[in-house]
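Next up is one chain by itself, shown in structure tokens, the form predicted alone.
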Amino acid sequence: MKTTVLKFGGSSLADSSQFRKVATIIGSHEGTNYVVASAPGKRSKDDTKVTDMLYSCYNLAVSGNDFVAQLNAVKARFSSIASDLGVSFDIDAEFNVICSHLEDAPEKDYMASRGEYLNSKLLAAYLGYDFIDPATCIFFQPDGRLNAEKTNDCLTRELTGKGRAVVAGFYGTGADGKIRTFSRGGSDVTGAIVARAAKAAVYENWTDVSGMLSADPRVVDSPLPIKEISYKELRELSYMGASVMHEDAVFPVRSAGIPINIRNTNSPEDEGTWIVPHRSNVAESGSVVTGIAGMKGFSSIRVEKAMLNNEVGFAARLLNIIASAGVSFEHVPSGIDTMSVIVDSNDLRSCRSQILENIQEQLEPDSIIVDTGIALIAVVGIGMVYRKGVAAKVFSALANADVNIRMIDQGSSEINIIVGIDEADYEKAVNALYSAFFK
């Protein structure tokens, strides 16, 4: 029988009623199942995620303020779930340890990880599964990156002989022996790591939506769902924020060729979105564009200099100036005598003067122009490789909507076209592009 890894997000495990839904979903799977659990999420729109409550406890402790009331509120969340489910779980002992940690030497990552740790232990007890603490088998390097091979070897050994187990998401152990967390949403990454170690047939990522959509529903009315998407397309859309899972979750499963299925805990009958290594028959399917995504909040640093193309190393020096200020770049469109660097406006704000001064001193340009208020929109699809006129369709749609294009960039893989426009035109532009390709 096949092995399945099922990861459940915070909304899927927010309270006892959600736990019961999760148990039903898990029970419908035959074969070997490994489950990855997040911390309890919001039970309603105005609720607070447990991870945010734990961060609050940490902040109170390090500032010398009383954290007991906030910690007791966290404890009440878990006590309520355990009581409603009739699970025997020593809540007091667990929170005594956490309280001592806050009193003695509070650590931010340790506190943030306790939501996943406790929820996973509780879920394991409810299901009758083994519990695996990732602090013993997921490892980070000194630079903070995942130690992928050491983790895979150790986790494979840990899973061997355990037909059914719950692994806490979001954290592992750093090179210094202390608890280290992934960035927010990192339980998705844990699920992918477990899927690789278990040699799973599929990684099911259960959340509160029925897969990915072809555009942001906050901008486009009722966008079409995406039934199948490749790893490459997912990465391109995730880069623009259009994903229901952590963008780094692709890497562990991609190396093993394991498909991901995004599913909805509240509508388990929905097939959701399949994320696969390669989409088949794209050329014949008529599917040109898979999705449209975008973000606001970018700036352009445009440097002009006569004979720039003859100046060896100019681009490297310009990018080094920006990197030395701690700013990463998004795109680098260029011309024969011009070069622009697109950066996040928030990153640029505190070091703008320093960067411009260094560019002037080190590169001696004819002019430097900084444009702000830029939005980036990506049109993504494997099918673009096989169809002529996609770029023309993009530009025509924007022109017909009276949207001025300030930047154009196309990846070398030819599966995406990115345009920069004024932020004020963002919603209008996304809807124009959606209508051009999906209606």
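Throughout, we count residues from 1 along the sequence that is shown. Note that the structure is a prediction, hence the values are computed from the model and not measured.
One more form of this protein, predicted together with aspartic acid (ASP), exists but is not displayed; see below.
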Quiz item: Would Gly186 count as a contact of aspartic acid (ASP) in the predicted complex, using a 4.5 angstroms cut-off between non-hydrogen atoms?
Solution: yes
Quiz item: For Ala39, is any heavy atom within 4.5 Å of aspartic acid (ASP) in the predicted complex, or not?
Solution: yes
Self-check item: Contact of Lys393 with aspartic acid (ASP) in the predicted complex (heavy atom, 4.5 Å)
Solution: no
Practice problem: Examine Arg43 and determine whether its closest non-hydrogen atom to aspartic acid (ASP) in the predicted complex is within 4.5 angstroms. | Solution: no
Quiz prompt | Contact segment among 399-407, 45-53, 378-386, 23-31, judged by heavy atoms lying within 4.5 Å of aspartic acid (ASP) in the predicted complex | solution = 45-53
Exercise. Go through 289-313 residue by residue and record those having a heavy atom within 4.5 Å of aspartic acid (ASP) in the predicted complex; state none if no residue qualifies.
Key: none
